[in-house]
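In the form predicted alone, a lone chain appears below as structure tokens.
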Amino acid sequence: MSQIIEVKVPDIGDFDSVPVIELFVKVGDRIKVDDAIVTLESDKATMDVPSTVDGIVKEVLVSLGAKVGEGALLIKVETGGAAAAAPSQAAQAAAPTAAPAPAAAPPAAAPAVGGGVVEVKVPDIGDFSDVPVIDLFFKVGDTIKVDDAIATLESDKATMDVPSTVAGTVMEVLVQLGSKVSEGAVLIKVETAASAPASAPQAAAPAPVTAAAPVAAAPVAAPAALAPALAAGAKVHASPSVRAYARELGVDLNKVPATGPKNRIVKEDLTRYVKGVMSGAVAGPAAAAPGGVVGGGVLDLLPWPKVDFAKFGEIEVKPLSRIKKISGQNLSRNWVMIPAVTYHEDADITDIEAFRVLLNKENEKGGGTKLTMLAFLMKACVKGLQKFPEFNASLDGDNLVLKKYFNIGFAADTPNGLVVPVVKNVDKKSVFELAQESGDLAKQARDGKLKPADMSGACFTISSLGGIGGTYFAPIVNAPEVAILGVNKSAMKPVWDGKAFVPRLILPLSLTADHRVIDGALATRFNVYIAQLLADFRRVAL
């Protein structure tokens, strides 16, 4: 007997509203357990969502560009019975129309209105109250559609657009710029027609696709498809938070094409513009440096040089792996946005390394877990985070979020590039447990089997090149963290003990920290403390 099974997005960690960048199935396809249904791409990772059942795809409820979160319905699969037969002609014919299914979703959000005047109120906006109106997009007589932004509210923590829940003609506007509103406050009154709810979702439905696709799927080509930038001297339409973001990035808002309501520049427009500049897709822009001006003038962001390398000799062109594309964007942002400084320290690990080797020899006969230096480093770093809580923090505007949990990420080398698995609750685990868990995560990373939840929630990161070599390096802070510890290969060196030079095993440490949160004195104290713990690991128990 056949049955229809819904396949949903599983637990994907802290990610939400993640765009679909690839779709592998259509109606009528036969699918097996673990076959990829879609590929999702967040700002930190790319992940395939596998099927949990075998059968025939009867319905596809997402499309390219759609944004999904945990629990979102992807496909419906017919299992057993009829599923064993070949897909019918009718099912195959339905394939082209199944993908855009999310377009039908908005009707549930739009209330059934049979005509008349409807009050549109401020929805649930969390714990905020008396939030000022900083932008107003409609006046009496304007036509409004479902999901059109009515007003922008800006609290001390966030900027939010209030969308319309109905379609029709604006009959009355009950707020003005500067008005302070809370949940339930009436913004506008709209005269609706009986047909308004039916037509409104069709106008609003394409929004998730058009908003997501240029940013996640085609950041380079996107600028060419946008509206033209403002003419010189024209008034820039942007909220204070967007203007502040532009100042941080050093972008002239007059040069940014707008996609928001009534030619308003939104945050995504800025992001898209900067990506275009960095990739060379936008030619000739001039932007102020994040700190203002450089050398008394304006810093010109030149397009990336175009060179015909083949004329100099034989070449081979290989596309970047998806991991490198994603990490490249993150690293570029972190390098530009974080004023980072790297501090170096040497740790004497002679005794702890001898202890580690001894324990591994004892465990070898019983087949126990093999201890790694990374496990000891994690334990030492947790003690450092507990002693210096600024390192276990993240910046949120003008606030510092101090975390009471201790999750540590570590850079893992894979055939496709570096990924950062995260070991949770390091403070509650022994070095044997940490060695086992980090080893398992590293293997999953090399096999390409890490789940999004395995790469989220880190407070601090360790990047170790000890297995390769090197002396010192300057790792890039992994936002929104505020520090990262780089570790190189240990080396035996002569150290003066007050009477003579003695051979000691020295481990080079390189700590990069966000100078907005951590100054040089604090960073050096942290480095010295970590080195002391590694020199005498008994201190970890204190």
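Heads up: residue numbers just count along the shown sequence, starting at 1. Just so you know, these numbers come straight off a predicted model, no measurement behind them.
Not pictured, yet referred to below: the form predicted together with a small molecule.
Asks: Which of Arg322, Arg333, Lys275, Arg356 has a heavy atom within 4.5 Å of the small molecule in the predicted bound form?
Replies: Going through each option in turn, the one that passes is Arg356.
Asks: Ala185, Ile326, Ile125, Leu374: which sits within 4.5 Å of the small molecule in the predicted bound form by any heavy atom?
Replies: Answer to the contact question: Leu374.
Asks: For the small molecule, considered in the predicted bound form: do all three of Val242, Leu249 and Lys267 come within 4.5 Å of it, counting heavy atoms only?
Replies: Negative, none of the three is within 4.5 Å.
Asks: What stretch, of 496-504, 481-489, 22-30, 59-67, brings heavy atoms to within 4.5 Å of the small molecule in the predicted bound form?
Replies: Checking each option against the 4.5 Å cut-off leaves 481-489.
Asks: Spell out, yes or no, whether the shortest heavy atom distance between Ser464 and the small molecule in the predicted bound form is within 4.5 Å.
Replies: Ser464: yes, in contact with the small molecule in the predicted bound form.
Asks: Give a yes or no for Leu400: in the predicted bound form, does one of its heavy atoms lie within 4.5 Å of a heavy atom belonging to the small molecule?
Replies: Outside the cut-off, so no.
Asks: Is there any non-hydrogen atom of Ala458 lying within 4.5 Å of the small molecule in the predicted bound form?
Replies: No, Ala458 is distant from the partner.
Asks: Heavy atoms within 4.5 Å of the small molecule in the predicted bound form: does Phe138 have any?
Replies: Heavy-atom contact with the small molecule at 4.5 Å: absent for Phe138.
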